[in-house]
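This document opens with one chain alone, in structure tokens, the form predicted on its own.
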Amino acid sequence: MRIALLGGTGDIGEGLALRWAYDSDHEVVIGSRDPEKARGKAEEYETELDSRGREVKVTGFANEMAADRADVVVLAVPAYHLTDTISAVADKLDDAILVSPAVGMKKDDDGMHYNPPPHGSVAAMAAEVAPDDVPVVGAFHNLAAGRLANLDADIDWDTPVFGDDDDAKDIVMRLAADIQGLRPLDVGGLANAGEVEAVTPLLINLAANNDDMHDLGVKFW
């Protein structure tokens, strides 16, 4: 399967790219507004994987080219870049699934706070902007990017997954399960996006205020 990570040069994009390339045989494509940056990061990821005995081809392109012919397009960009990113690649999304891990947050002296857009959630905003025939699935919100990108670190996390298209959601859940130590959990439709997105600032605040709680994820029992 061809997975395009738009914003794949950033923290969460790096972690997902490295884990999929290391743990699976999926084709990983890095996208960026700057194609040179995408190509440079792709080469860095290849070097890291090669040092661990994985000779994997990772390619880098401008977002539009990265999305072209992709089966799954992960919007690994900040929430405030989401709509512009979708609009830029909309005509390249034939038969693709859009995945949104983005969370709207704001920071003040007390910490990080959930800051959803008027649509109610970032995923709902993505669904409104996406072409009508392109399903949107939410996943990978509550992952500590630093630990995810550290292939020396084991992970044992759950990732809640939501979406209104059951077939698309099932594909994303299977992709998540391809990452060793990551368990996808179905939490229903897009209407449940806000509950999932709001967990991310909670985890950031816990990590910031407790010395022994860095690189937090979630696990449900």
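Residue numbers run from 1 along the displayed sequence. Since the model is a prediction, treat every value here as computed from it, not as a measurement.
Keep in mind that the form predicted together with another copy of the chain is not shown, yet the notes after this line are about it.
- In plain terms, the part of the chain that comes close to another copy of the chain in the predicted bound form, with a heavy atom within 4.5 Å, is 112 to 120 out of 72 to 80, 93 to 101, 130 to 138, 112 to 120.
- The three residues Arg147, Arg183 and Asn209 all sit with a heavy atom within 4.5 Å of another copy of the chain in the predicted bound form.
- In the predicted bound form, at least one heavy atom of Asn205 sits within 4.5 Å of a heavy atom of another copy of the chain.
- Looking at Asn192, you'd find a heavy atom of it within 4.5 angstroms of another copy of the chain in the predicted bound form.
- Among heavy atoms of Val196, some come within 4.5 Å of another copy of the chain in the predicted bound form.
- Of the heavy atoms in Met1, none are within 4.5 Å of another copy of the chain in the predicted bound form.
- Contact with another copy of the chain in the predicted bound form, judged by any heavy atom within 4.5 Å, is made by just one of Asp167, Asp50, Glu36, Asp154: Asp154.
- Along 203 to 221, a non-hydrogen atom within 4.5 Å of another copy of the chain in the predicted bound form is carried by Leu203, Asn205, Leu206, Asn209, Asn210, Met213, Asp215, Leu216, Gly217, Val218, Lys219, Phe220, Trp221, in order along the sequence.
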